[in-house]
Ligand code: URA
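To begin, one chain is listed below as structure tokens, in the form predicted alone.
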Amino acid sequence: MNKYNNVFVVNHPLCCHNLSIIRNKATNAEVFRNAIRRITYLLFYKATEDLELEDVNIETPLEKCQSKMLKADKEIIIAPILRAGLIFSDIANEIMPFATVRHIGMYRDEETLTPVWYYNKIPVEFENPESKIILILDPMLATGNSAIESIKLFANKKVPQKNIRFVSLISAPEGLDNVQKYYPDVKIITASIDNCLNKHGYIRPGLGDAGDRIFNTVEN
């Protein structure tokens, strides 16, 4: 059972099916990537289900009518954490081609388990930060340290926590606890809350290193 506030687990049957595919160590890179893409659609539909709409007047081939579209005064920013988050951003661009993409580059120091920055394409300041909707993308929410650093990047620019969503494939309880300690109002959308972290900071049962499996760089 999900004990967390603002953590949403997408347990759709197709999500569960494809999650089993990517957990399997025998799954090759091509099948792995395609299964992640199928899960990603479901995650994004959940992550965006509360976007605000406004009434618009349009004309169909038959007549004029009133319809609804996303509010024009809201800017959606897609922020994939490199490199594994890129597979999410491909689907995000397909679903929301009008969104802005801002890449975040960091990797985890394997000894300290702390994030190390190497790339940042976020503006120094945002005009009207309260109008921004941020979707931070990273397949694995393990210790939560990278998630906190990426959320802090936007929160420090005065983007409200309630406007920030973190989208992951798999989350560890330790990471969820860590993020919610500092940013309780940030929404987290995931396909699974797994059991725990091992001593090396990997999620159990997990799926291994998501980036290596996505880009076929697993060393035997």
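Please read these numbers as outputs of a predicted model, since none were measured by experiment. Numbers follow the displayed sequence, beginning with 1.
We do not show the form predicted together with the named molecule, though everything after this point is about it.
Participant: Find out whether any non-hydrogen atom of Ile134 is located within 4.5 angstroms of the named molecule in the model of the complex, and reply yes or no.
Facilitator: Contact check for Ile134: no, nothing within 4.5 Å of the named molecule in the model of the complex.
Participant: So, Cys15 and the named molecule: in the model of the complex, are they within 4.5 Å at any heavy atom pair?
Facilitator: No, Cys15 stays farther than 4.5 Å from the named molecule in the model of the complex.
Participant: At 4.5 Å between heavy atoms, is Ile81 in contact with the named molecule in the model of the complex?
Facilitator: Flag for Ile81 set to no.
Participant: Could you tell me if Met140 has a non-hydrogen atom within 4.5 Å of the named molecule in the model of the complex?
Facilitator: Yes, contact at 4.5 Å.
Participant: Sequence order please: the residues of 179 to 204 with a heavy atom within 4.5 Å of the named molecule in the model of the complex.
Facilitator: Going through 179 to 204 in order - heavy atoms within 4.5 Å of the named molecule in the model of the complex - the hits are Gly201, Tyr202, Ile203.
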